[in-house]
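One chain comes next, on its own, written out as structure tokens in the form predicted alone.
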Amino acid sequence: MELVELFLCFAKIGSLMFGGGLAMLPLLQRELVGRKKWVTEEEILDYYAIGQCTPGIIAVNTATFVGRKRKGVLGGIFATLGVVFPSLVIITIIAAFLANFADLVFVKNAFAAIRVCVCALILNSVIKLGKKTIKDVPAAVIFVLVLAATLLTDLSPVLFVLASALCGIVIKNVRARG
């Protein structure tokens, strides 16, 4: 039954996810950390960061990590299928009809409004995560440096995640010695 629960939970997330990986973060927090309590805030951030660095869609990667944690390999498969299934159904339906309606003004306006909503959801998640994650001066410095670098360069997010991980390792070792 827990495999079905994993599938249904991620199907719900997958059906409400607009705007890609970043837009799903508030849903993941609410469902997996808040309601289900399947993972902690730190774990979801770790899974999300690893999902960002690995090939594939962040939502699929994160679902696989959470499912695997809950019920092993089968849990990873069921969670992954759950998050993908709604998109597959919805995109098939949209593809059948979108060509006929894509140029209508109200459709363009609807998509523009959805993009604005997704930006607000992402900002809300960033603020919540920042409050829970930036707990000391080194974390604040890493945050500011990565934020500045992402705004000023076109470097891959993978490089930022790897550099931040390296900084975390160095800081932890320096603190352990001192």
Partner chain sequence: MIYLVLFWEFFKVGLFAVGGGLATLPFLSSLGARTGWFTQGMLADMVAVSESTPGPIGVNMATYVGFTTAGVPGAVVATIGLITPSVIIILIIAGFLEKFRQNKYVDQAFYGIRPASTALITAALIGLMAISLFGTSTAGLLHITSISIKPLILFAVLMAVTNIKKVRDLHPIVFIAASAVIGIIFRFAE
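Here, rigid core means the biggest group of C-alpha atoms that superpose within 1.5 Å across both forms. Positions refer to the first chain, counted from 1. As the structure is a prediction and not an experimental result, all values here were calculated from the model.
There is also a form predicted together with its partner chain; it is not shown, and the following applies to it.
Taking the partner from the other structure, its partner chain in the predicted complex has no heavy atom within 4.5 Å of any heavy atom of residue 38. Proximity of residue 17 to its partner chain in the predicted complex falls within the 4.5 Å heavy atom cutoff. A residue is said to contact a partner when one of its heavy atoms sits within 4.5 Å of a partner heavy atom; residue 34 fails this definition for its partner chain in the predicted complex, lying far away.
In the predicted complex, its partner chain sits beyond 4.5 Å of every heavy atom of residue 153. Using a 4.5 Å cut-off on any heavy atom, the residues of 94 to 117 that reach its partner chain in the predicted complex are, in sequence order, 94, 95, 96, 99, 101, 102, 106, 107, 108, 109, 110, 111, 112, 113, 114, 115, 116, 117. Residue 73: CA moves less than 2 Å between the shown form and the other one after rigid-core fitting. Superposed on the core, the two forms barely differ at residue 84: its CA moves less than 2 Å between the shown form and the other one.
Legend note: Cα of residue 120 to Cα of residue 98 is at least 3 Å farther in the predicted complex than in the depicted form.
Relative to this form, in the predicted complex the C-alpha atoms of residue 86 and residue 101 approach one another by 3 angstroms or more.
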